[in-house]
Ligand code: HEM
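Before any questions on binding or motion, here is one chain by itself as structure tokens, the form predicted alone.
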């Protein structure tokens, strides 16, 4: 698959040797995790794929993660590879914090920091609790629910409410799904910046049309918000206050910020909720310990913010879930000037991929890395470049503290009322779509009372390639019958 050869871009004739894989670059977007596993197994911490004159560089170690994520003057964020023309809607809706670099990024992040400070987080507790309870209103013991579908819908409502102050179910779902389709299409078309294939580049015009439609919808949402009477705390209200205080934020920038915040927030958190509930269902001993910790509090079905923050074992469960099945599985940077990465000289505009999934599955950092073991967090304190579910460095996800509050609160409220047991014979497939590792099938679970500890059951599907689950997988004939 691979060979070592001299780097033709090396400056000064220093003759660097590059680990080169000549697999088709299409192997990467088809199955990013499988592709990166093969590259790491053959080439180690640094690998290069080259095909038809295009090149992708991959880094898989904490030291290389640190170099790429700390040198923000050299390695620029390219959250969206396709920015559109200067006066296009695509340019405006992709002009938020996630796609900014340099001075623009620093100024925008500074203007938004107060919105996401820890002192603000308790104010979101009631909304998270109420919407999680509303989701469960029709649930009954013995029912079967698709955890994937329920968590995505919950996060559409939560993100709409917390970011925009929208409490209209149909409206929030419509807006959220529109943003989700646009994000997915961005990543599909954006692969054309890395791979030579009409499969990706042919969708450019459709992407521009989606962006125009989305800009209109987000603009309508802003007007709806400005003229509404809901005075609950939400991110958009705080951003509007910052704008009014002469932060220099224009309406076009505001549209870009809120669009990308929504895009980054709802699916990653929804996938983390689903994966965490699946892992608890398949690890009865862990569920017993979570239950014991929850039973030590005041017994309320809707504990307050401080009580939830004190659930240290639940926090370990969430951290371990995000380690073994990180919703953000990889991300990319582009070096904008010639630089040296480890032993390699890179020419300008070389894409560089770093991977949370691969880093989190290094056995030198996490013994038996594919096994779900929350107790390991009693003994480990990984650096921010060894454990990076929210990224690391100065571009670490600004909404990470809010996401953790959402996860802790929603899980506590759900587990105070129900336990979850997967249906035996379920086929659960997980795949990376638009950099995000999430279920691509249903995740059917039966609702149990909190007096019942779920049993681990046989489950098939690609989930078994991603994490070790206790029961043995089905044979081919059993899978077909399931």
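Positions refer to the first chain, counted from 1. What you see is a predicted model; the values in this text were computed from it and never measured.
Not on display, but discussed next: the form predicted in complex with this ligand.
Within 4.5 Å of some heavy atom of this ligand in the predicted complex lies at least one heavy atom of residue 163. Contact between residue 313 and this ligand in the predicted complex is not found at the 4.5 Å heavy atom cutoff. Contact annotation for residue 350: none of its heavy atoms lies within 4.5 Å of this ligand in the predicted complex. At a distance threshold of 4.5 angstroms between non-hydrogen atoms, residue 105 is in contact with this ligand in the predicted complex. Looking at this ligand in the predicted complex, residues 116, 391 and 406 each place a heavy atom within 4.5 Å of it. Between this ligand and the residues 121, 208, 260, 222, the one pair within 4.5 Å by heavy atoms in the predicted complex involves 260. Screening 255, 111, 131, 397 for any heavy atom within 4.5 Å of this ligand in the predicted complex leaves a single hit, 397.
Remark: of stretches 81-89, 374-382, 323-331, 360-368, the one touching this ligand in the predicted complex is 323-331 (heavy atom within 4.5 Å). Using a 4.5 Å cut-off on any heavy atom, the residues of 354-372 that reach this ligand in the predicted complex are, in sequence order, 354, 356.
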